[in-house]
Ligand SMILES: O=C(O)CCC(=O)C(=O)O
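Quick setup: one chain, the form predicted alone, written in structure tokens, and binding and motion questions come after.
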């Protein structure tokens, strides 16, 4: 496996901003091939026929157009696709995982994010480890664009330097789709730190610290976008912690890339698996 090291600019951005970008991690042709596999799944008539946890959106009609807008994301799907697994999670991104996490690396989480034209939902401001609530604070996160991700179609937004805060209690508002950072505190952070839009071309990647405050707005453009994400962790971090999503696939063992498919999952004798309780409402915590 090829060694990887960040550039001076990437290393500085990681420390100061909490994120950095990489261009052309996979080719435009590879991105198009993965996008095609995902679009085929979007057109599947019944969500239960897909090896994924569906996150359905409206409308839920059965026309091809409606089926293509059925999901906001696929959870824990990427390691079930040989193309995505070998191209990205246990492929192009594995050298970065080794650089930041060491020679024993697990895939904690993977997902496909979908923002259809004109209907793609917003993802509220949050910290990833504020949503997980599993005791892990230092996993390595990435997001790869398979379509152009621009301001116009709801690209990611980061508050630079926000990774230096504590893990903030996430809450629910009446219109929340999941736990989110208190909105008043987000507005104050935006004023003090600013907001940066993460515009990417197909095959580009953004990597960020799991405490980074980030968000993506509604896609109000005619250009849809699809992206794939992954979170790497280590056996030492995962051991003894709750794993609400089940087993974690091995990416690297003793520095050797895990090329098995189906994937081999990390197992721990007596390891607990449970879903954290509900988030408190904003009213309950007074924010």
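Just so we're clear, the structure is a prediction, and the values are computed from it rather than from any experiment. Positions refer to the first chain, counted from 1.
Only in words, not in the display: the form predicted together with the named molecule, which the text now covers.
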Ok, 229, 237, 257, 38: which has a heavy atom sitting within 4.5 Å of the named molecule in the predicted bound form?
229
Go through 79, 108, 170, 214 and name the one with a heavy atom inside 4.5 Å of the named molecule in the predicted bound form.
214
Thinking of the named molecule in the predicted bound form, which stretch from 81 to 89, 109 to 117, 183 to 191, 197 to 205 has heavy atoms inside 4.5 Å of it?
109 to 117
Looking in the predicted bound form, is the named molecule within 4.5 angstroms of a heavy atom from every one of 123, 156 and 225?
yes
Would you please decide whether residue 128 lies within 4.5 angstroms of the named molecule in the predicted bound form, comparing each non-hydrogen atom pair?
yes
Would residue 74 count as a contact of the named molecule in the predicted bound form, using a 4.5 angstroms cut-off between non-hydrogen atoms?
no
So which bits of 1 to 17 sit within 4.5 Å of the named molecule in the predicted bound form, heavy atoms only?
none
